[in-house]
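The chain that follows stands alone, in the form predicted alone, written as structure tokens.
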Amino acid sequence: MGWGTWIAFKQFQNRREEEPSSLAPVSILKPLKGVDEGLLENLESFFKLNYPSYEILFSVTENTEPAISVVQKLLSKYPSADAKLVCEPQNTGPNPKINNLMTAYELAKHDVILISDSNIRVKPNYLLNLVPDLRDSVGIITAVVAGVSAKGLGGWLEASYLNTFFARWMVLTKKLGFPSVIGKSMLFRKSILKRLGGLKTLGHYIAEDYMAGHGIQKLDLTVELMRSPIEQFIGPYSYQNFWARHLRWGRIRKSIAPLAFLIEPLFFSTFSGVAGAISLNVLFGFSPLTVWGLHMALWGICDGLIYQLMDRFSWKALGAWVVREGLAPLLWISILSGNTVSWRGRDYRLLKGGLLAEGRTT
């Protein structure tokens, strides 16, 4: 845990930017579903990028999609921008995100592709901090996600998860040689993904981002992390939404890497603290309560340092961290108890290896 904190600090030091003239053009793909709070500002941030050449392709699956009005407002506001809206879904498999993206992916003018979710809000130098690292030996560049602008219990719990546990383990697993890719920010070359069968091959998996990274590594290319975190605008978020999201993410992890999932409790602060307190009491007679309290305090300090790297730490953040750490074992048990998830209003069954099937188990 302390090692992970130190590595996280090192990851985000020595940031640099490249001169715009040396950068390849980029096609940015933005799949949309629904209108979350802050969507207009999130999408608009991509019109303000300081980058010499890029296009933005927004994609939806229905012409009644409410996000269309938001996109149309931005297209009117920035008439000179190289941006368009696409509403031509395809059926490549049960993954709705891939079905949404396919036509935009095929229409993309540039070899360098960036897939970015709708809740990401970026700074003008985003591409300048990202594209230069797409060297010949690199297959995909992803990013650690910083949860910002949280509101409500679920929002603060989400920020706590992203800004501590998730950030630490994304950096740590990368250093250990087991990098993860997240779909919130995926930069790659279309010509490279073609060697894996293209984007459509990911349509049968729920974790298309993870499987893309797995396939890239089989090509002897690397998965890299962006030098600085990207911001996920959280906004108002209910406890139920937080629980459902992490139940889904957990079951995805379980379906892809069951053995790694089974040992996850060893890395919970509460569980490892209890195990350490009992062990030190038996071996040396130390007070279990004192040991557990010191353990939780040290863990909290390290997580607080990571949180401060990602967003401003506060008393609300501390309270959310305490609640989330207490919920972690209960969430793990809930994840273990089933293999179904709800995603964008539809039910799916998770099969071995991360494969996806529609409908719940009957």
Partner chain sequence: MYLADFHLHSNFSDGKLSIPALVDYYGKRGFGAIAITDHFCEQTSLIGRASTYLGVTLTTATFPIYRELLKSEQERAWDQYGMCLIPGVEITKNSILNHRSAHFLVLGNLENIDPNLDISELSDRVRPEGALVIAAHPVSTQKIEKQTFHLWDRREELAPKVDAWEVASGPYLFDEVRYSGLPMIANSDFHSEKNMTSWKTLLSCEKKQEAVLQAIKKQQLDFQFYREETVREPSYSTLPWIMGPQLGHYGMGNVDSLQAISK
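Numbering follows the first chain given and starts at 1. All of these numbers come straight from a predicted model, not from anything done at the bench.
From this point on, the text means the form predicted together with the partner chain, which you will not see here.
**Q** May I ask you to check whether G215 falls inside a 4.5 Å heavy atom distance of the partner chain in the model of the complex?
**A** Yes, contact at 4.5 Å.
**Q** At the 4.5 Å heavy atom threshold, is A275 in contact with the partner chain in the model of the complex?
**A** Outside the cut-off, so no.
**Q** Hey, in the model of the complex, does R346 get a heavy atom within 4.5 angstroms of the partner chain?
**A** Outside the cut-off, so no.
**Q** With heavy atoms only and a cut-off of 4.5 Å, decide whether Y205 touches the partner chain in the model of the complex.
**A** Heavy-atom contact with the partner chain at 4.5 Å: present for Y205.
**Q** Taking G197, M211 and L355 as a possible spot, do all three reach the partner chain in the model of the complex with a heavy atom inside 4.5 Å?
**A** Looking in the model of the complex, the three residues G197, M211 and L355 all sit within 4.5 Å of the partner chain (heavy atoms).
**Q** Which pick from L266, L259, L176, L283 sits with a heavy atom within 4.5 Å of the partner chain in the model of the complex?
**A** Selected option: L259.
**Q** Taking 4.5 Å between heavy atoms as the contact cutoff, choose which of L153, L75, V138, L219 touches the partner chain in the model of the complex.
**A** Spelling it out, the residue with a heavy atom inside the cut-off is L219.
**Q** Quick check for you: of 77 to 85, 251 to 259, 237 to 245, 98 to 106, which stretch puts a non-hydrogen atom within 4.5 Å of the partner chain in the model of the complex?
**A** Careful reading of the contacts points to 251 to 259.
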